[in-house]
Structure formats: structure tokens, C-alpha cells
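The form predicted on its own is given below as one chain in C-alpha cells.
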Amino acid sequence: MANPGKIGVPMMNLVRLKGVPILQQLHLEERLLRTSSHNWCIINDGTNQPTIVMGVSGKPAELLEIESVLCDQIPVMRRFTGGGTVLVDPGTIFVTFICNKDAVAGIQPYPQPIMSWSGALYNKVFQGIGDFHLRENDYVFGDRKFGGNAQSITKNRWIHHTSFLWDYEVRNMDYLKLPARVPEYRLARGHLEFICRMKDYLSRSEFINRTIEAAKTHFSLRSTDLEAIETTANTKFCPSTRLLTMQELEIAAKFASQSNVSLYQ
């Protein structure tokens, strides 16, 4: 029988995963956001292969070096939340909070209040480690980004999920174009001058443990596993996060090529 939790503190289910494919993770998150009435924290320590994940309105021709993506057969997907484009791989750690709108006292269910709450939570995680800040919508050490955020807000619930760059492959940054809209603090810096590795500051296990301890200051955590969630799955749910087809990427590549030609005419 599950513990009822501390009096006055909302219950949250904690799901710890390791190396789960990012598509499977995003399908799980979307289902829990839309069909569950519980609060959830999902931590996935790495994904199984390099994958590009765009926001719900992301356009491949504007965001990706599509010829390289096609040549190297890098999977590309469009997720159900907003935010920017990220290349995730085994060096990425994912942390997700899915909450009822009244789960956190004093937090209005709008993007900026949720972002500010998350910044305060991660201030506890990184206390005494590096020069941590929430800058615009990014988590940074100093002026270098290591955490990117995305959200979705429904009538009664919200999700805030983060991709943390514990480590990354330099060559993988070549698949991403410099986006047209960038944070002001980025200035004119390229990818490698803009980001940093969390592994230079703390271990994977220390980060995950600190995150769980910080979550405990807001919630009474109850561990559960993926199998238990899948057993009670709503089979009628159809997620919107999906892989882009080869045809879609080829069309985007053709569009990007035509746009480049017109620029130089």
C-alpha cells in the first residue's frame, strides 16, 4: 500500500528510467499529461541514440542542416511541447514535471511562473555548484547553457521538461543551424561557444539525487516503474509526438536548397 505522504504536501509519482528512447519517453509524458490526474516526475538518464527533437512548430528547413541529417540518417521528431530544437543522445539527462494546476501553491498555470518555479527548484539542485542561473528560458552556468526547457499547458495541468547536457558530441552540433530567434545573452556565439557540459561540474548520479531531494521540498514522492504505468495505459490515447518521415525531410531539404539559391540570385 502506498504511503499517504506528508500532510498538506501533494503526492508525486517518481519514475526513474535509463536509456529509454526519447520517442517512447515523449509518448509517455503526453499520455500522462492528458489522461492522468496525478503529479509525475520522470527522470530518464540518457536516450539510446542521437535524435533531433524539434518543438511543436519547428520547421526542419529553418532549423537543421538537412543534407547532413539525411546523409547520416539521424532521426528527427516533432514533440508535443513548444521550445527550441535539441539533439539528444546518451549524454543527455531528461527531467520532467507533470502537475495539476493547483499542485504548487501560488503558481499560476502560465509559462513564466512555471519557469520561475523551476529555476528556484534547480537553484537548490545546483547550490554550491557553478554559477547557476535561469537566463531567459535557459539554465546556465555563467553565460553558457546546459539545460533547455519546453512546456505545454492544458486546462487543468501543465508539463515542464528539460534536456540537460551532461555531455555531448561536438560533431553532433553540426546538424543544427543557428536559429533565427536566439536568447539575447547568446549574442553572436556559435553552438560550441554557447553551451557547456554538466559533467565538468558534477556526476550524473549526484545531479539525479540532488534533483530528487529538491523535488521532495515540494512533493511527497512515491516511486513507480514503467511497467506499472504501461499496465494501466489508456489504449485509446494517440500521441501527437512523431518521427518525421524520410519524404518530409527530403521535401524540406529541397525547400532549403531553393531558398539558398534565391538568396544568392
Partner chain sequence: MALRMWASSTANALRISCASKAHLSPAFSLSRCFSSVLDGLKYASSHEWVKHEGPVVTIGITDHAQDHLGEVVFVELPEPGGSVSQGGSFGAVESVKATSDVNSPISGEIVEVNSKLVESPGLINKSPYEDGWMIKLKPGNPSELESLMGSKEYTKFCEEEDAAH
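Residue numbers count along the first chain shown, from 1. Remember, predicted model here, so these are calculated numbers, not experimental data.
Although it is not shown, the form predicted in complex with its partner chain is what the next lines describe.
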Assert contact_stretch over 38 to 46, 55 to 63, 222 to 230, 205 to 213 against its partner chain in the predicted complex, heavy atom within 4.5 Å, equals 55 to 63
So in the predicted complex, does any heavy atom of Met77 sit within 4.5 Å of its partner chain?
no
Is there a heavy atom of His27 lying 4.5 Å or less from a heavy atom of its partner chain in the predicted complex?
no
Answer for Val140 alone: is it within 4.5 Å of its partner chain in the predicted complex, judged on heavy atom distances?
no
If you check in the predicted complex, is Thr96 within 4.5 Å of its partner chain, heavy atoms only?
no
Each of Arg34, Gln108 and Ile153 having a non-hydrogen atom within 4.5 Å of its partner chain in the predicted complex: is that the case here?
yes
Residue within 4.5 Å of its partner chain in the predicted complex by heavy atom, from Gly130, Gly119, Gly82, Gly91, is Gly82
Please pick, from Leu176, Met115, Val125, Ile195, the one residue with any non-hydrogen atom lying within 4.5 angstroms of its partner chain in the predicted complex.
Met115
